[in-house]
Structure formats: C-alpha cells, structure tokens
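Next up is one chain by itself, shown in structure tokens, the form predicted alone.
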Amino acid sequence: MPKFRLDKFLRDQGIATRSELKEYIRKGLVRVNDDTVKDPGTHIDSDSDKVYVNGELINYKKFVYYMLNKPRGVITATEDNKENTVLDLFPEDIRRRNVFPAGRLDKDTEGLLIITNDGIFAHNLMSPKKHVKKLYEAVLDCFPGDRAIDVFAVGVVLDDGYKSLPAKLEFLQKQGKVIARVEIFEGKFHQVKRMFKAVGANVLFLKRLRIGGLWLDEALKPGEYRELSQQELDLLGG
C-alpha cells in the first residue's frame, strides 16, 4: 500500500506548487478522512485514506496518460525559450505532474502524440525494438510511382546512408492531390519526409493517425487533448 508524506502526495497530483500547498495546509484547507491536518509531513496511505483540499476529494494517480492532437507550429519538447511547445497546450496542474511527450513529431507535423509521466511506458512505446507501429498520412507534391511501395517494403536508404526498417506504403489517391499512408516502426529525424524524398516526392503535409492499436480521436481538434481510457492504454500495451 503506497504511503506518502501529505505534501508529496498533493504535489505529485499536481494540486499546487510547494509554497501554495504549505499555505493550504497552514490555513486548514486540507483534510485527511475526517480530520483537518496542518502538518505537511503527515504520512497517508493512498489506498485507504481520503484526502480533501478545500472540500474536494483528491483521487490518487501515480501516472497520467493523455492523447493530444498536436497542431502544426509547436515543437515536441517540454520547454523552449523561443518556440511554443506541446506542453504549453496543457494547464499548469497537468504540467506540474512532470509530464512529457512520448516520442516526437516535427514542428510542422500534426496528429497523435501521447503525453505522460510514465517513463517506462514511453520508452516501450517508442523503442524500435518493441516494434510498435506508427501510421502516418502524407500529402505529396507528386506521385512517385507504384515502385515506391516495393522500395518502402524492403527499407529505404536515406540521405545519410541509413537504411530504414521495412515499411508499408499505400496510396489513397494518385492524381491531383497525392495522398499516401505509411506505416513505420521507427522515429528517426524527419524520417517519413526523407523516405519519400528518396523516391522522388516531397511531403507537403504530414499527420500521425495511429500508434500501435490506438487511433487519433477524430473529435479532437488540433491542440485539443483528453485522458486515455484503460481500454485505450491496453491498445498501447500500458
């Protein structure tokens, strides 16, 4: 049964800053079960004790997992002095939980990105050795020919000589606006763009649709997020 100092329990749940929590406790706004507690060092059992802040029950969660529809124009980072980051899309109480993006998407790429504070989960999700598939949809400036399907299937030699793992490529539309979907296991720098470049096409727009068995929620507009359900976590192996 996990036991914590009261102040650490509240801090880990992203309730407030350290100094704010001390003030809440000093003012008698924190209650454990039926007792008002004014000692931040009080030990509690997260399984059996009920903790309230200003009358609101605080449910303990060790880890949190969010699905974000990453918009174009923000970088996949926790902080940056010049650019807006994906964490800037989240409120302070979530950021206080030390969340970070599991993997990355380029600044001009949209789509599915998982935000979590679970390091092992994130590693397993993005490691090429785990063979978690990622599906992207790309709009191209030209049709590179059906031969590209075979090239992707055996692995594409990129501009630095690296040969990618085999990838599945299909074309949804070959004339007018050329639309392709590619399924890969890796996440090298600008990999999808470089793969198409190697077969003679430039990517005009790129969006990640799926990680493992989890599809991007179509109801989420770019920049919106929501917490993952346990069923969705199971699709990711969480």
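Predicted model, so just to flag it, every value in this text is computed and none were measured. When you see a residue number, it is the position in the sequence shown, counting from 1.
Below: the form predicted together with ligand URA, not depicted.
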Quiz item: Taking the shortest heavy atom distance, is residue 192 within 4.5 Å of ligand URA in the predicted bound form?
Solution: yes
Quiz item: Is residue 113 close enough to ligand URA in the predicted bound form to count, meaning some heavy atom within 4.5 Å?
Solution: no
Quiz prompt | Touches ligand URA in the predicted bound form: residue 83 (any heavy atom, 4.5 Å) | solution = no
Quiz item: Quick one: is residue 109 in contact with ligand URA in the predicted bound form, heavy atoms, 4.5 Å cut-off?
Solution: yes
Quiz item: Which residue among 178, 206, 51, 67 has a heavy atom within 4.5 angstroms of ligand URA in the predicted bound form?
Solution: 206
Quiz prompt | Listed range touching ligand URA, judged in the predicted bound form by heavy atoms within 4.5 Å, from 22 to 30, 38 to 46, 58 to 66, 183 to 191 | solution = 183 to 191
Quiz item: If we check ligand URA in the predicted bound form, which of the residues in 144 to 168 reach within 4.5 angstroms of it by a non-hydrogen atom?
Solution: none
